[in-house]
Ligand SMILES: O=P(O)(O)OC[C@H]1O[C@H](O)[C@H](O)[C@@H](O)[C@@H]1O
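Before any questions on how it binds or moves, here is one chain, the form predicted alone, in structure tokens.
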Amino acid sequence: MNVDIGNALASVASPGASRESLERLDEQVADAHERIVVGMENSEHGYEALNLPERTDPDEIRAAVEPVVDAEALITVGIGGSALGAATITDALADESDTDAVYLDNVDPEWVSNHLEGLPLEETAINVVSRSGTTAETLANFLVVRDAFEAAGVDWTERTIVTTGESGPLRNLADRHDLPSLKVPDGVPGRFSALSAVGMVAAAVCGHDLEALLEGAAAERESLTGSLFDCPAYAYGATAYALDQRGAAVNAMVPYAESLETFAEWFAQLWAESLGKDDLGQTPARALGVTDQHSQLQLYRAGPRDKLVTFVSPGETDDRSIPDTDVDELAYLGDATLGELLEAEFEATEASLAAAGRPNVRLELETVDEYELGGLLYGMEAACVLAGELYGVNTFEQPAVEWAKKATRGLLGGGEFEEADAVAEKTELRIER
């Protein structure tokens, strides 16, 4: 992964960061890097995620999925970090797999039912993921999936893989039914777990190259140094932080590849849940090039100057020629390919923001494959950890999420929680027709 921060400099953008201010910030980056290295060396909570390229065992993952490696479809039951990392990998590489990867990461009943009804359950595997084994949405969906398998006369115990912690209901279930199981690594929050079994079981079932994913991540790890000018990940994290401090409180992630649309969702959780604390943090937005040039670009170019736009350039992709036409106004398209049109629109959009003085950063991949994807995921995680150090927040906790979990459990009769009582205190001003 390479990063180009030129269009975020104060000489061309407002808000923007001057080269001099980034050089001053680089002193803080050096200090933050030392703290990160210590955290990694001591396997401290959260920082341990940056050790995953060396810790994750691809052979162990492949052994666990061996019973279902020929599945036509895979249902991953998880939510948040237990699903988005895996979905990012399999969606990005979907064209290389014959396995249909489905993610049940919501409890919308019609949506869940529609997914299940369209699958050949006798040829479908189940991948259930929850560190605690008590996540309400995951357990509810797993019970629904299990019931659907039983109703179809399919033995779910022959087609289920479990990834969970050392103890809890899912661990007990795996032990009781002798299910293939893998451990959620200690010290790794869910949103940082894409390069562990949490994110890579689905990749293994879909036949992707696990070693290449980890090798790409390891190469990015080797680039971590004490200067943002030598490290793409730190360049991104530091620039995003600097722009936020100058008013760019929104970070719009815009990949120019359909295959990377889920990556923008993964990034949104990573950035929001890690940095949104103590009235600090940059709000992630999601868009897709070129589609959202026709829906959001107007705002980014002419709306409030409160945004950083992050483009992801996918590099080399498969291409397709545009057929010739006898319509004079469209004749120029007949000399081009769809890939050339995509690249031209990307460069034009990037230039249009720069011409309007709107800050933007480019993340560059050589192509969308396992190696580059591993580097991208690791690089963004390292960027987020660095940004957390600069903000001075605890990047690896999420107390606001825990509050809502307690309220939900209380509302469903799962215990006495004062958070549930607060729901009844909602202020209403209803307008009815």
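Not measured: the values here are computed from a predicted model. All residue numbers refer to positions in the sequence shown, first residue = 1.
Beyond the structure shown, there is the form predicted in complex with the named molecule, which is absent from this document and is the topic of what follows.
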The unique member of 116, 249, 79, 264 whose heavy atoms fall within 4.5 Å of the named molecule in the predicted complex: 79
Among the candidates 314, 190, 216, 289, the residue which, in the predicted complex, approaches the named molecule to within 4.5 Å (heavy atoms): 190
Options 68 to 76, 351 to 359, 132 to 140, 207 to 215; stretch whose heavy atom lies within 4.5 Å of the named molecule in the predicted complex: 132 to 140
Any non-hydrogen atom of residue 55 within 4.5 angstroms of the named molecule in the predicted complex: no
Residue 244: touches the named molecule in the predicted complex, heavy atom cutoff 4.5 angstroms: no
Contact flag, residue 401 vs the named molecule in the predicted complex, heavy atom cut 4.5 Å: yes
Contact test in the predicted complex: residue 220 vs the named molecule, heavy atoms, 4.5 Å: no
Heavy atom within 4.5 Å of the named molecule in the predicted complex - qualifying residues of 13 to 27: none
